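A single chain, nothing else alongside it, follows as structure tokens in the form predicted alone.
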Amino acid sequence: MGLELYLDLLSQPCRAIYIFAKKNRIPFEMRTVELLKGQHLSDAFAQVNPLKKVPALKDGDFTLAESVAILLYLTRKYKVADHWYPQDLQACARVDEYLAWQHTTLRRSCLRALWHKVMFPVFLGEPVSPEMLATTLAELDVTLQLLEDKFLQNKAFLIGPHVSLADLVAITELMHPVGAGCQVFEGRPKLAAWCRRVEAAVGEDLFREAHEVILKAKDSPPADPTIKQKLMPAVLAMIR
């Protein structure tokens, strides 16, 4: 059996891996794991990833969890273009710096924006107070400013003149609040121009394909009560 990727394109790290593999013509079999149906919590999926999270990779008898680890595995195995994860020591360190930073900052802010603005009230039928939503969106704004000031600055891409894993991971995160209807790029011309450059670098058709699911998040049908009960603890842990 060749390379298998267990993904749900509702998930931002899954989208990063999907775009990366497609863009670099890495042959893989996609195994869809539907998060909103709780398929990631099944005993069957636990055989692939005991952490019960997507994304997950299976390459023959080898299995791997965690999106950054998977991206680096694909980078090394398939010897993709150097700009994705540069061999230059300091450029590589900058990619590592961003990947280490984003887990508890941009990812958290973007997740909370999506769930507080759309998924809790629409999918789970749970109201979110105006005060909580305002706090969440204010936190997102602070994080976006950090992304601009610390990482993007006046460069074409987060690390320098070429697109890298850092850009791919960042843009797929930002599409979460975009999918929730947040005007992420309004009043941020540098960030908006960067977004257009990343989209062009990976290809507009591939970018749209990868984000089709998240851009329809607002249309999610209400969760079945059994599924809601199953998902609630994991959701609350994810966005706290």
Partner chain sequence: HLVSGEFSQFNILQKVSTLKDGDFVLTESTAILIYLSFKYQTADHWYSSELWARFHAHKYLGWHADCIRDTFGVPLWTQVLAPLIGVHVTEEKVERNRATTDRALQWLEDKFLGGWAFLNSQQVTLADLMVLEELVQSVALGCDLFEGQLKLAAWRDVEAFLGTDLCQETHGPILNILEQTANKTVLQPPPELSLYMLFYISRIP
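If you're wondering where the values come from, they're calculated on a predicted model, not measured in any experiment. Numbering follows the first chain given and starts at 1.
Just so you know, the form predicted in complex with its partner chain exists too; it's not on screen, but the next bit is about it.
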query: Residue 124, heavy atom within 4.5 angstroms of its partner chain in the model of the complex; finding: no
query: Exercise: residue 58 in contact with its partner chain in the model of the complex, heavy atom 4.5 Å; finding: no
query: Partner proximity in the model of the complex: residue 193 to its partner chain, non-hydrogen atom cutoff 4.5 Å; finding: no
query: Heavy atom of residue 157 within 4.5 Å of its partner chain in the model of the complex; finding: no
query: The unique member of 213, 68, 35, 26 whose heavy atoms fall within 4.5 Å of its partner chain in the model of the complex; finding: 68
query: Residue among 206, 30, 200, 51 with a heavy atom within 4.5 Å of its partner chain in the model of the complex; finding: 51
query: Heavy atom contacts to its partner chain in the model of the complex at 4.5 Å, residues of 113-152 in sequence order; finding: 139, 150
